[in-house]
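Here we start with a single chain on its own, the form predicted on its own, put down as structure tokens.
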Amino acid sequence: MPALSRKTAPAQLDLREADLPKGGKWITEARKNALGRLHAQGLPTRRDEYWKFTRPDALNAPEVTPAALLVTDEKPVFCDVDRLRLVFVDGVLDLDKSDPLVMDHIEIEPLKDAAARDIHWAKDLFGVLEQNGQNPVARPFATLNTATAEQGVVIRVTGKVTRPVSLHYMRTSETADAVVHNVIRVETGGDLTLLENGPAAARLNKVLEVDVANGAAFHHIRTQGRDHERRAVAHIFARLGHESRFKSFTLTVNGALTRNECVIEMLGDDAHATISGACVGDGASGAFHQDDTVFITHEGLNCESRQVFKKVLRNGATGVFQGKILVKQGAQKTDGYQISQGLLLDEDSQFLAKPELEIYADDVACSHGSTVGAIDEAALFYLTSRGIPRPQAVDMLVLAFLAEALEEIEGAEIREDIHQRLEAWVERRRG
């Protein structure tokens, strides 16, 4: 990831046009546009409203902080799912390790190949959804990604894809520094499930742009784990058409610093969006800081959005949730739901929340709630009084607390797999 440094003013950054990757006309224009926006934005600091809970400098230090490689016998998540697998090694797409990029109703192409052309359908999306998501809150790391990313895939879906597409990230270097940009267009009537997992890099900047057309559906399940010292910022920018469906779930179980941003534009009528996440953080083996920042804009009629986030924290771990629902004038019949909850297993951990509603329509049903607390002693007493050992009883209550977020996962097989992973995680940290 290019290191940008502040000099005397926020707009004075070290990255120059000559430093941008070379490519065809369409992507060169997009990268130059992003570079101009980046110089205008500057880099975030702790004084910026949406970075006051998370230190942004760790994501753009001049040198990558080494992250030890995790050695484990545990099978990778999704390994038993019938899927088309695309493998990235240290942030670089490895076609030799990947499955053939051939499947009905879908076109898959490496970003590097698409970028070499002067004309490509991705021109209408690459950097476009990211730029739309910069207002009213600037997201400079996403702008930096658009300007500099060479790795990723572009995917066009023309019908119902029967097998999920899996982006599997592997890491072989303790100082891998990756910038990955994926673009997906789901055409009218199309349906795609995208899976993401694996340790991508010691430092990762990732952008996913998704255009979900009228009557189309996109399901996204992502796990962030198996990498205790990772520092990552990941962005999703999505645009939803009429009667479209968008669902994204993220499980975070490790990482020194993880920032997940999700920006959704609900433009068509009768659209549905769900963004959810489960986080279990343990600071016993090092720093753990996890941040979910979500911004959903309702513009269409009769649209529904859900934000469901649950975080379990122990041994000095920190969890952050910043979520906003913006209902624009004319977006009548909007149904917006937001819930964020933290469960602290000791007095050293903390959960920081900033829920927001901004509504300019009068016929809506919007709600938000945020709570933080400890294990329910009455429930714990009930379980232990029936012969269940206290550590096991705590695990049962933790899993029950996370259940609402897991219910948002599309597909029983994947949901059960992730539930079993969580059970194994809490059992390893029992006592």
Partner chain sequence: MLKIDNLQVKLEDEDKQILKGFSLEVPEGEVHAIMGPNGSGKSTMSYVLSGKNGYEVTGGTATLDDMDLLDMEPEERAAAGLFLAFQYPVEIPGVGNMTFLRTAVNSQRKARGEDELSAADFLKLVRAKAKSLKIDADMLKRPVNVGFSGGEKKRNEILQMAMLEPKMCILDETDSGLDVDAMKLVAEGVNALRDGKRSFLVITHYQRLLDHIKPDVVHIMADGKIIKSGGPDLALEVEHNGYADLLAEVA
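Treat the numbers as computed from the prediction; the structure is a model and nothing was measured. Residue numbers count along the first chain shown, from 1.
The same protein also exists as the form predicted together with the partner chain; that form is not shown, yet it is the one meant from here on.
4.5 angstroms heavy atom contact with the partner chain in the predicted bound form for residue 70: Answer no; every heavy atom of residue 70 is more than 4.5 Å from the partner chain in the predicted bound form.
Although the partner chain is absent from this view, report whether residue 362 comes within 4.5 Å of it in the predicted bound form, heavy atoms only. No, residue 362 stays farther than 4.5 Å from the partner chain in the predicted bound form.
Does residue 389 reach the partner chain in the predicted bound form if we count a contact as any heavy atom within 4.5 Å? It does: once the partner chain is placed as it appears in the predicted bound form, residue 389 has a heavy atom within 4.5 Å of it.
Please determine whether residue 383 contacts the partner chain in the predicted bound form, using a 4.5 Å cut-off between heavy atoms. Because a heavy atom of residue 383 falls inside 4.5 Å of the partner chain in the predicted bound form, the answer is yes.
Of 374, 61, 396, 40, the one that lies within 4.5 Å of the partner chain in the predicted bound form (heavy atoms): Result of the distance check: 396.
Can you check 46 to 54, 26 to 34, 365 to 373, 397 to 405 and let me know which stretch has heavy atoms within 4.5 Å of the partner chain in the predicted bound form? Within 4.5 Å of the partner lies stretch 397 to 405.
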